[in-house]
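To begin, one chain is listed below as structure tokens, in the form predicted on its own.
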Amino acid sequence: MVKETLFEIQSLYRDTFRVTGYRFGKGEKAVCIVGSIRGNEVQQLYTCSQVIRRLKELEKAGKLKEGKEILVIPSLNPSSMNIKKRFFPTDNTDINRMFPGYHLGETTQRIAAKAFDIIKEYVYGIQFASFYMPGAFIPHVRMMKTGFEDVEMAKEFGFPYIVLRNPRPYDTTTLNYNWQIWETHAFSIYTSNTEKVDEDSAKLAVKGILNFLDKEGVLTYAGHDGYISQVVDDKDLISVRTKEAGFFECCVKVNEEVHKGQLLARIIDAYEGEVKDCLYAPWDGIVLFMHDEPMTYEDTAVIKLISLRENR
């Protein structure tokens, strides 16, 4: 393993901005793995650290294939990680909305450009991503329909679900989208949380990545193959929305099977403590996503269900 500073940018107000990378093996630029891009992505950073730990062990055991290079970047936004601020601290912009970047642009555009110059050369790109809404997920692979997505390859991770979705206009400046457009096989990995560590889902993600790298001939890993992945289209997910704002009291868990009419959550009045709203399952399904903050707004999708096959 070689630890190095991939690039740095001088700062007027803080220490020099540095992005650190860990290289394993030499040869073809096979795989690039990116951890946190936003400053509150604690789980993403933690999971990436566990990938580095396992790759160290496998490299020491001689399990990496010759002629292949793996680059792991724990964080593309260490300045925000230091203060747990989701976006870049100086101007509050999102680096993951700046790809492929611009070398003469704003700071986050220059960070994205310097990073993308390095990582666009890899055959496979894996990003530990976070959702724009606070909540917990079933660990899964998510891909955009760009015409370059490879569903069969995504099954090699062995995660329970693969979620596909059509890109929206703002998605064209994300890392995953640009990786695909530059003909990198790109995958976004969602574990259970964002701002707190979940060791079980991190372990599942690490095993999934090692399974994938084994099947693609990058390393040798004798692990469990995981699940037979079910492919789900994002537009077919069932969103359960609130009618009122207040305290959010969930009555089910992520990955739980629920049935039509089952109580999923309650909304409690923040001033008077009374139940203002009850959320019921509109269909039989599996809880893919659950809001996990203590309060919620009105008309918010706090639960997302995967429809069971018998519904279809």
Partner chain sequence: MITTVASVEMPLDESLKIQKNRIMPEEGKDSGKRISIVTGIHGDELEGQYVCFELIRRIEEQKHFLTGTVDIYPAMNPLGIDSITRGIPAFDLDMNRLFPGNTEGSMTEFLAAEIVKDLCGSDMCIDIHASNIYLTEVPQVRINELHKDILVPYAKELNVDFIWVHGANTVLEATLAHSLNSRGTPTLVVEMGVGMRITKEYCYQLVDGIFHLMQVMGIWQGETITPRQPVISDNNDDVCFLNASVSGVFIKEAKHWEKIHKGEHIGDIIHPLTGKVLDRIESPVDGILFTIREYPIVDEGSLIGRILKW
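Numbering follows the first chain given and starts at 1. Source: prediction; values computed, not measured.
What comes next is about the form predicted together with the partner chain, which is not displayed.
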Can you work out whether G246 and the partner chain are in contact in the predicted complex, taking contact to mean some heavy atom pair no more than 4.5 Å apart?
yes
Is there a heavy atom of F88 lying 4.5 Å or less from a heavy atom of the partner chain in the predicted complex?
yes
Answer for R110 alone: is it within 4.5 Å of the partner chain in the predicted complex, judged on heavy atom distances?
yes
Contact flag, G223 vs the partner chain in the predicted complex, heavy atom cut 4.5 Å:
no
Note: exactly one of V123, M81, V232, M133 sits with a heavy atom within 4.5 Å of the partner chain in the predicted complex, namely M133
Using a 4.5 Å heavy atom cut-off, which stretch among 161-169, 203-211, 138-146, 70-78 contacts the partner chain in the predicted complex?
161-169
Check each residue of 92-107 against the partner chain in the predicted complex and list those with a heavy atom within 4.5 Å, in sequence order.
N92, L104, G105, E106, T107
